[in-house]
Ligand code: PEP
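We begin with a single chain expressed as structure tokens, specifically the form predicted on its own.
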Amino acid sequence: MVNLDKYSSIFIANWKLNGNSSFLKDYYEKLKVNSNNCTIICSSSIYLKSLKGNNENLFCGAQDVSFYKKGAYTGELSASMLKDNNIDFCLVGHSERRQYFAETNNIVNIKTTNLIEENIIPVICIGETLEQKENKLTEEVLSTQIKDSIPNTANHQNVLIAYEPVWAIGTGLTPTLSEINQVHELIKNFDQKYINFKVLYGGSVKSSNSKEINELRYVDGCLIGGASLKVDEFNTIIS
């Protein structure tokens, strides 16, 4: 399992349902990783074998994993299959999975457990909707997601948390720097055991705001969506 303690910041590119073979080739030719940071590229499952890592500061990640370990579940990819393809990280519970594929906290919990058993680091995504934010339910929503999504086997060395306010994903909207820092502090202080967890921010992260976000006291890196598809912009973010 990757030693998370050795990195000052962690940056994850989530390409979502984008990319092809020529895109990958061009991307890796231009990618410039920072030796002080951990950079993770998460592609669609069909391209996992084409991802490149150096086991130092560049790693391969998946966007999802099956709830099941094995069996008659056509189209699914298990945690052991991901490990067999040199995958070291995996997103779990992304808001798009929760919204479009009815992924519950319980499902996230089981997926996370399966990944930890295979020495793959889950990146557990949590976040509130705009309606929940406006009704001042952010703390309640995040508390429930953390309590129900994170298994007892999780610790600061085998799990990452990514805070991604649903209302900021792909909208161009972002919380204020103060709001981001406050929510990250809140996450780390829900329970004493989360104090040392690395918490990443995701939600319309781009080169123009990533530096200020990443310099916040309680932010340990960023989960980048659309901006990660532009390798020059991603290079600026991770530099």
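Note that this is a predicted model, so its numbers are computed, not measured. All residue numbers are counted from 1 along the displayed sequence.
There is another form of this protein, the form predicted together with this ligand, and it is not shown here; the text below is about that form.
Colleague: Quick one: which of 38 to 46, 178 to 186, 59 to 67, 197 to 205 gets within 4.5 Å of this ligand in the predicted complex, going by heavy atoms?
Modeller: Selected range: 197 to 205.
Colleague: Here the chain is shown alone; which of Ala154, Ile146, Ile169, Ile120 has a heavy atom within 4.5 Å of this ligand in the predicted complex?
Modeller: The residue from Ala154, Ile146, Ile169, Ile120 that makes the contact is Ile169.
Colleague: Indicate whether Glu164 is a 4.5 Å heavy atom neighbour of this ligand in the predicted complex.
Modeller: Output for Glu164 is yes: heavy atoms within 4.5 Å of this ligand.
Colleague: With a 4.5 Å heavy atom cut-off, would you call Lys230 a contact of this ligand in the predicted complex?
Modeller: Contact check for Lys230: no, nothing within 4.5 Å of this ligand in the predicted complex.
Colleague: Spell out, yes or no, whether the shortest heavy atom distance between His94 and this ligand in the predicted complex is within 4.5 Å.
Modeller: Result yes; His94 sits at the interface with this ligand in the predicted complex.
Colleague: Applying a 4.5 Å heavy atom distance criterion, does Gly226 contact this ligand in the predicted complex?
Modeller: Result yes; Gly226 sits at the interface with this ligand in the predicted complex.
Colleague: So which bits of 1 to 27 sit within 4.5 Å of this ligand in the predicted complex, heavy atoms only?
Modeller: If the 4.5 Å heavy-atom criterion is applied to this ligand in the predicted complex, 1 to 27 yields Asn14, Lys16.
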